[in-house]
Ligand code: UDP
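Presented as structure tokens, the chain that follows is alone, the form predicted alone.
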Amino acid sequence: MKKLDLYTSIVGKDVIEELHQLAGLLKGRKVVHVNSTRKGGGVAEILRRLVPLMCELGIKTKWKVITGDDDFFKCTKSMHNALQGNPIDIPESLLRIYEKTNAQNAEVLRKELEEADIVFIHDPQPAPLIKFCPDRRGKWIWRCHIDISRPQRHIWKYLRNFVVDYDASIFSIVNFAQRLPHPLYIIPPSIDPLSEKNKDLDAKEVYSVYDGLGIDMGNPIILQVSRFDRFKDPVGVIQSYRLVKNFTPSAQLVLAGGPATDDPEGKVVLEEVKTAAGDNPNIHILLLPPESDRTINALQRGADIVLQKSIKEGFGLTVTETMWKGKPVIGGNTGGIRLQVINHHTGFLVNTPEGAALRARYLLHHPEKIKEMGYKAKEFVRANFLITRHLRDHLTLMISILYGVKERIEL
């Protein structure tokens, strides 16, 4: 059985048939996705699932990853933070390294990129590649996964000089989109319900994971899974936990995250988190390796309360993952979290550590509400944020880009 057919029991036969129908117009086309890391972060997770499914549909799809030194990723991390609104000045010397690194990567990738029918360039890191591929024959699409609704203007102006050359751009939600001289598309990210991180696990395995980590499932567990990034506000989560503990002394906190090769700030933030936690034995800080999908799955399924208390968030796939497991999420009132957490229905939106603590306390004292909201959360993800919908959106976009001048398309 082909992998795509395995989704039939989750999304229905009609959805799968529609994907095959759309892909019929794209068979044999060459597509290349480019990003800056193969491990760590939501973009890599999406591409790991999306690319094989596109290949299965007969589209010749490749995934390429650019390389760079520490200065390059220092520059792109600063750029990421500035685009999300932080007041950061990036030295001219780092911007020159940014452009030089892209030029070097273009030397390696140029033939495949210029021969492709469609190229998807993900986020700011590889955006300048288009300047170094003058003989491209296909359509180039810039896919922005981050919140650039209120960027530092001079940094956006600099990046925009590269982005304007693209044939189209994709944003996760409407509020993130910037004015550009080409078509803009809105495509929210997704999760794969059949992946190790999201597939069903039995209770015995969930218990075994917690027991192996030395965490007592007999006491309430508050969990946040995310990279150790200031925008994810792990220190604010610790503040919330301390407030919850005033009313539920037995509560435990688990902060689980892993490194990403394109995030040089992770180690610094991890040390800040450890300092904030102090020597509290009920705060468990887990630095997980990239191959920890099944562990994360078990952590999300076994937790009583799940937070994603981000200050800024492109989308927040950990929110989607948790909701798919039938759990409401207490999430920061920002970015793509707002698209997923329908306040008082699939979870709660909060703005402060105090607000997060209040909602956590409420849910701990109303377990029936967790079950009710969790059911709504899972069905909301099924309808909107699974990989099959994401794949359909990509197929539709590619058809639009390639056949846009035709008044009628025969499927």
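Being a predicted model, the structure only gives us computed values, none of them experimental. Start at 1 and count along the sequence shown; that's the residue number.
Keep in mind the form predicted in complex with the ligand is missing from the figure; the text below concerns it.
- Only one segment in the set 352 to 360, 23 to 31, 36 to 44, 379 to 387 has residues whose heavy atoms sit within 4.5 Å of the ligand in the predicted complex; it is 36 to 44.
- The shortest heavy atom separation between Leu288 and the ligand in the predicted complex is within 4.5 Å.
- When the ligand is considered in the predicted complex, Ser226 lines it closely, a heavy atom lying within 4.5 Å.
- In the predicted complex, Gly316 approaches the ligand with a heavy atom inside 4.5 Å.
- Using a 4.5 angstroms threshold between heavy atoms, Lys197 counts as touching the ligand in the predicted complex.
- Between the options Ile221, Ile296, Cys144, Ile155, the residue in contact with the ligand in the predicted complex by a heavy atom within 4.5 angstroms is Ile296.
- With the partner removed from view, the residue among Gly258, Gly138, Gly302, Gly236 that has a non-hydrogen atom within 4.5 Å of the ligand in the predicted complex turns out to be Gly258.
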